[in-house]
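Before any questions on binding or motion, here is one chain by itself as structure tokens, the form predicted alone.
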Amino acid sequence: MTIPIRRLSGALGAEILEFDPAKTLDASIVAELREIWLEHSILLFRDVDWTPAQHIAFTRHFGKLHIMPRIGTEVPVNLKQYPEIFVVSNVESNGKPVGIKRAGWGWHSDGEDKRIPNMGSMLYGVETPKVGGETSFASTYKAYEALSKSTKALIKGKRARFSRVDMHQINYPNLPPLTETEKLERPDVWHPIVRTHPETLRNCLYIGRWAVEIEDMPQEEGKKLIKDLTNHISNANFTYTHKWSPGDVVLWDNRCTQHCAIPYDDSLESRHMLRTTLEGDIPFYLASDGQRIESALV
């Protein structure tokens, strides 16, 4: 079987056509889907109508599921009956939030503040606003490839420190501060700024909103470089912006993309999304001489 697709942009992304992900799939179809995913980095399925159990079952074709922890909030983050499903929502029930509001407002890849970040994420649009609520995606392959030779040489083999403790209140000002226990549970981590994808072996730029410093670099110089690289990733030449409709499902590869939920006035309409998340692997950079530089806890 050859699955028909439509490219979403020149940078990344493919819409899977004439396909129902809620159905039972055989191994050959799953293998073809994975090949398309690795080539295009994000997949879009439209008009999906499935149960949480079907959502979970389809995600499992791509790897082991990760259950999102509740950090810095008393709001429930997962469906009670299906803890594998993370709830991103501005909806309330009996005056209480049913999920995390304003998650992902800022360029990042999921789990980048952990030693083992998430491999992939799959977001299902249940209720989507007519105005606002888009998500932008960026190819960090293309972002890396477009860097100047001097910048590539500057960051080659270097790691950046990513810190949930330092950046939690900055990235999530609407949430309470971390408790001392939560701080201990999320120690800082050094990730290679140039990351080698474990399946494609292509290099990408791995830097984001949780990064705070670069090893062997003065603090202010490192902060400026982090800002410059982060801004570079969101260049229009590397991005695709998705306008959600109910029934849309997007699967993205966190190892070679970043994404950003675009801020909007979320008091006007409901936005209720359900996300499954895939367990990942330790990021590494594979140098041309065979040297392997891995992520490490501080």
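Residue numbers here begin at 1 and follow the sequence given. All of these numbers come straight from a predicted model, not from anything done at the bench.
There is another form of this protein, the form predicted in complex with ligand OGA, and it is not shown here; the text below is about that form.
All of 110, 123 and 135 within 4.5 Å of ligand OGA in the model of the complex, heavy atom check: Verified in the model of the complex; spot residues all in contact, yes.
For the interface check, one of 177 to 185, 146 to 154, 96 to 104, 196 to 204 should have non-hydrogen atoms within 4.5 Å of ligand OGA in the model of the complex; which one? The contacting stretch here is 96 to 104.
Considering non-hydrogen atoms and a 4.5 Å limit, which listed residue (212, 165, 88, 225) is close to ligand OGA in the model of the complex? The option sitting close enough to the partner is 88.
Counting non-hydrogen atoms within 4.5 angstroms of ligand OGA in the model of the complex, say which of 40, 255, 259, 55 makes the cut. Exactly one listed residue reaches within 4.5 Å, namely 259.
Residue 271: heavy atom within 4.5 Å of ligand OGA in the model of the complex? Answer yes; at least one heavy atom of residue 271 falls within 4.5 Å of ligand OGA in the model of the complex.
Sequence-ordered list of residues in 194 to 232 near ligand OGA in the model of the complex, where near means a heavy atom within 4.5 Å: Nothing in this stretch is in contact.
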